[in-house]
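Here you get one chain, nothing else, as structure tokens; it is the form predicted alone.
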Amino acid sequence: MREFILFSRGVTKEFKLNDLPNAGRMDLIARCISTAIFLSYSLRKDVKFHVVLNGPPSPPLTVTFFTNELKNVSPDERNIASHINIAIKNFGIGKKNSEPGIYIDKKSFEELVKEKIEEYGSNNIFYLHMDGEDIRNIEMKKDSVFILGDNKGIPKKEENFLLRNEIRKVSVGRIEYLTSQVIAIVNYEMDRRGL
């Protein structure tokens, strides 16, 4: 399973689809999800994308997209954002399995990362950061987790948590790319290795 975890400032309440940037950069979040889970004409198989929403009014909430179960999701930002909105609404009525392949839970970034450490071991979890080791020099397995921050990055407290848990910093280059572009590069690197 290929997994992505995005630390975001996305809002934890329903938001307007006509104003995604002011919903804690929900446009960026949707773009990242699209890049992670879609190929040109289909969904990728065996991919999970977790976005941890840390914006107001009641953070955190974690929304997970699981490609093996997804239905009726298209790659455009507005469509993906609408599914996040539905998940937030459904969570308000106690529904954690929002739609096929879309789950939501009151889970923090640290709780989610701890789960993944238990599941995969810290050697298979990578924190994407400009100051990390070159991704081309890193041995990766099919079952890997990639952690990224939104346009403001990951806060120091959470970054220190990753480093204390021996999560390796990995870099896709010395240029500061958009988060969605980093995801595309990671997918490319995994694909070219046949993982």
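Keep in mind that this is a model prediction, so the values were computed, not measured. Residue positions are given as counts along the sequence shown, with the first one as 1.
There is another form of the same protein, the form predicted together with another copy of the chain; it is not shown, and what comes next is about it.
In the model of the complex, the residue from Arg168, His129, Lys48, Arg44 that sits within 4.5 Å of another copy of the chain by heavy atoms: The residue in contact is Arg44.
Please pick, from Lys71, Arg78, Lys96, Lys114, the one residue with any non-hydrogen atom lying within 4.5 angstroms of another copy of the chain in the model of the complex. Here the answer is residue option Arg78.
Flag Ser34 as yes or no: does it have a non-hydrogen atom within 4.5 angstroms of any non-hydrogen atom of another copy of the chain in the model of the complex? Contact with another copy of the chain, yes.
Contact of Glu158 with another copy of the chain in the model of the complex (heavy atom, 4.5 Å): Although another copy of the chain is absent here, Glu158 would stay clear of it in the model of the complex, with no heavy atoms inside 4.5 Å.
Using a 4.5 angstroms cut-off on non-hydrogen atoms, would Asp143 count as touching another copy of the chain in the model of the complex? Looking in the model of the complex, residue contacts with another copy of the chain do not include Asp143, since no heavy atom lies within 4.5 Å.
Does the 4.5 Å heavy atom contact test between Asn151 and another copy of the chain in the model of the complex come out positive? Although another copy of the chain is absent here, Asn151 would touch it in the model of the complex, with heavy atoms inside 4.5 Å.
Based on heavy atom distances of at most 4.5 Å to another copy of the chain in the model of the complex, which listed stretch, 49-57, 36-44, 63-71, 160-168, is the contact stretch? Looking at the partner contacts, the answer comes out as 36-44.
In the model of the complex, do Glu110, Glu118 and Asn123 all put a heavy atom within 4.5 Å of another copy of the chain? Checking in the model of the complex: none of Glu110, Glu118 and Asn123 is within 4.5 Å of another copy of the chain.
Using a 4.5 Å cut-off on any heavy atom, which residues of 126-144 would contact another copy of the chain in the model of the complex? Stretch hits, in order: Asp134, Ile135, Arg136.
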